[in-house]
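Structure 1 and structure 2, given next as structure tokens, are two forms of the same protein chain, each shown alone.
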Structure 1
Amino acid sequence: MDIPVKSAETPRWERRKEARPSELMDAALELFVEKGFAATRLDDVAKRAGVSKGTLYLYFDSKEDLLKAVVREGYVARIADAEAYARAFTGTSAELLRDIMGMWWTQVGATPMAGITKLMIAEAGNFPELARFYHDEVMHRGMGLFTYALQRGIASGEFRPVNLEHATRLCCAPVVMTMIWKHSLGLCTHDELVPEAYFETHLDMLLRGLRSA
């Protein structure tokens, strides 16, 4: 039997009859970031992935279920890796804070997943159940990484005692702000924000304030 040759000019949605869940999640991520959650239809996701809508339903029960899968694959799995890294870390707590911030940016903030942070903030009021899911599985655990590093430093005497809740939010704020900026005002202004330089300045100021006398 002759095997048909795929044309490079064939529209993307005609190339495949099946797709793995990861490919469906990739297509969903693209559309969620481009159009937002409310405006994205499952028909659009199936078309972007090159499958029928029925194929999509083999893996995901609803658009909400699909978004949760995208978040778990893109965020939660990386947070779990970072938690393991932090538990095994043997350097200073200042170094650990630097590593956590760097990993958060390189593995999430500098990738398309950063658009999900902006999406969740923008649409939280309309989809409170999804907002709670994002808070519990992403924000709470992600902030916990910084809390762990701060507690570690205080316990060893490297850092002075501080309000952990407020200090944790100060640690997280630059990365979260940069992800939001990247997918909002950063798209339509000429202001250039260099994330790595910004984070280095923030860490320098933060660590000077945390050092014990």
Structure 2
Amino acid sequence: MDIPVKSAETPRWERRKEARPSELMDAALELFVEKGFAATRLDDVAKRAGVSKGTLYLYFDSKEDLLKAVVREGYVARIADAEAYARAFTGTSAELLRDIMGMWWTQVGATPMAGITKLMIAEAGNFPELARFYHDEVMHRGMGLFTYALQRGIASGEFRPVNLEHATRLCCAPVVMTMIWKHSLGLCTHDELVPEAYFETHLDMLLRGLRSA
């Protein structure tokens, strides 16, 4: 049994109990988004996080469990923040729509986490339970924010009465599409699209469409 000589500067490992899970989830997020669930090797996740493969299993029961953690961790807090913001908002509903959309893009759409949406779309068929969680806790609640703003504007007479379900989706679709696009087909083109400007146009058109009278 040979005991390897340890070099002074590279300890074989280091205790990181608290930091590990999020380091691992960060690494996993990047790879899952880039390659998809199946094509991501746990070896690579571990390597990117700078640990051995075995270490992954100290924190997550399985590859699927890791995916779940990434998805759950990524979103929920952010949505709750936005809900609180909306409830406390006192300006016009048009401003509220603009703010929600802006926060969504800044805090999610422009971050690596936007890839989660693409991921969930790709894997919904393979993880029905997770898909339902994502649908209920992320998509539905996220869309609820827009429904709230629209309803608020209609109630105040700021907007004309419209089908809420439809209008909600019309608010979200361009944002979601942009997030998805960035992580899929957008990878193979050199888009000139500036999301912020695009969303300005979106809001402009939308508000014209919602204007009462």
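On a predicted model such as this, the values are computed, not experimentally measured, just so you know. Take the two forms, superpose them, and find the largest set of C-alpha atoms that agree within 1.5 Å; that set is the rigid core. For residue numbers, the reference is structure 1: its sequence is counted from 1.
The second of the two structures is the form predicted together with another copy of the chain. Hinge assignment between structures 1 and 2, options 138, 74, 89, 189: the residue at the boundary between rigid parts is 74. Once the larger rigid part is held fixed by C-alpha superposition between structures 1 and 2, the smaller part shows a rotation of 14 degrees. We note a C-alpha movement of 2.7 Å at residue 70 between structures 1 and 2, with the rigid core held in register.
Comparison between structures 1 and 2 places the CA of residue 54 6.1 angstrom away from its other position, after core fitting.
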